[in-house]
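Before any questions on binding or motion, here is one chain by itself as structure tokens, the form predicted alone.
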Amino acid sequence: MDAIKVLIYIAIFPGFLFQSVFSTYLEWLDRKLYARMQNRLGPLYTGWNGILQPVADILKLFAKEDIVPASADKFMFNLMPVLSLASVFAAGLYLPIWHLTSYNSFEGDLIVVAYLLAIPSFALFLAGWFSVSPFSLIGATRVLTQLFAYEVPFFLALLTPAVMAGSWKIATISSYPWTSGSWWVIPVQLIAFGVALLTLQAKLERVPFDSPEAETEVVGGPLTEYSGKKLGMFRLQKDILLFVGSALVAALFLGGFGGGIILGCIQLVLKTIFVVILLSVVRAACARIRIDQIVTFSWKYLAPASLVQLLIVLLIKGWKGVA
């Protein structure tokens, strides 16, 4: 019975099938909202109101010819899409929804998830580096530069709810408002939530942080030489990263997914959609900024803001300890 639960958890929910289906829906929702805010229609014809357009796009890529440049490092070129997709899929298995065990829910799993979510950026850098294309190399350099800019504020933002709950376990952190009855911790962490939202946008390399793959400057950035199945895997990886990153932010800052598997699943869907809507608003309201501006913004504003939020939480914890 336990083996069946494990197989269901990995393959179906919240495993690969659920992540793939729900992430493509989130892409459709994001594209629709982004289009509406620009007075466009967005996906329209494939499926109801274009809801199957992201699926059709990925299937189309998987059906196209897969080309490896002659000058590229073939082993690394082929490995990076698999590594990138596997890392975000594994990170999604740590979401505190159902069937939590000592393997996917333990003290310190937040650090593991933060590490897994950093791997796609390194994989993207290596993909561009080993493609040996001028556009890919420029995009890869920007990916790595941007990574060093947003990763510290992102981790500091995730640290805030961990300190508030007194745990590094995602399930404990997400259930803290439920178990403690301290719902006021959600608005108290508003600054960290804003930092996590912006750094997640940078991790996804979406406007205004899409300098690494700026089409008007470097064609497709680190993915310029990719095509066919490998490009489709990178595309699916980005969709799943949108889901896992948004769900992680919702779990840590919006009260988690408590109340059993059915209610937890409903909360997962609604709260993740809410985070994606906020990301879409940021995407529509801003224009692309230069890579040096991204670094300056991250270290001048996001990092200090996350430190201020952390100080506020430490003061609250200290006051509660004295009281």
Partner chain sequence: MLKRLVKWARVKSPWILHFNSGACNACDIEILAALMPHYDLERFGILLKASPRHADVLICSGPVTKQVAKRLKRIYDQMPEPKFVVAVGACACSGGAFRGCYNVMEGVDQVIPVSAYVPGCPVKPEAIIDGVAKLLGKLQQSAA
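Keep in mind it's a predicted model, so treat the numbers as computed, not measured. Numbering follows the first chain given and starts at 1.
Although it is not shown, the form predicted together with its partner chain is what the next lines describe.
With the partner omitted here, the stretch from 250-258, 294-302, 270-278, 65-73 that lies within 4.5 Å of its partner chain by heavy atoms in the model of the complex is 65-73. The contact with its partner chain in the model of the complex, taken as any heavy atom within 4.5 Å, belongs to 226 out of 226, 94, 243, 129. Although the partner is absent here, residue 52 is a contact residue: one of its heavy atoms lies within 4.5 angstroms of its partner chain in the model of the complex. None of the heavy atoms of residue 107 is located within 4.5 Å of its partner chain in the model of the complex.
Taking the partner from the other structure, its partner chain in the model of the complex has a heavy atom within 4.5 Å of a heavy atom of residue 56. For the chain shown alone, residue 29 is not a contact residue for its partner chain in the model of the complex, no non-hydrogen atom being within 4.5 angstroms. Every residue in the set 41, 60 and 235 has a non-hydrogen atom no more than 4.5 Å from its partner chain in the model of the complex.
For the partner-free chain shown, nothing in 181-210 comes within 4.5 angstroms of its partner chain in the model of the complex, judged by any non-hydrogen atom.
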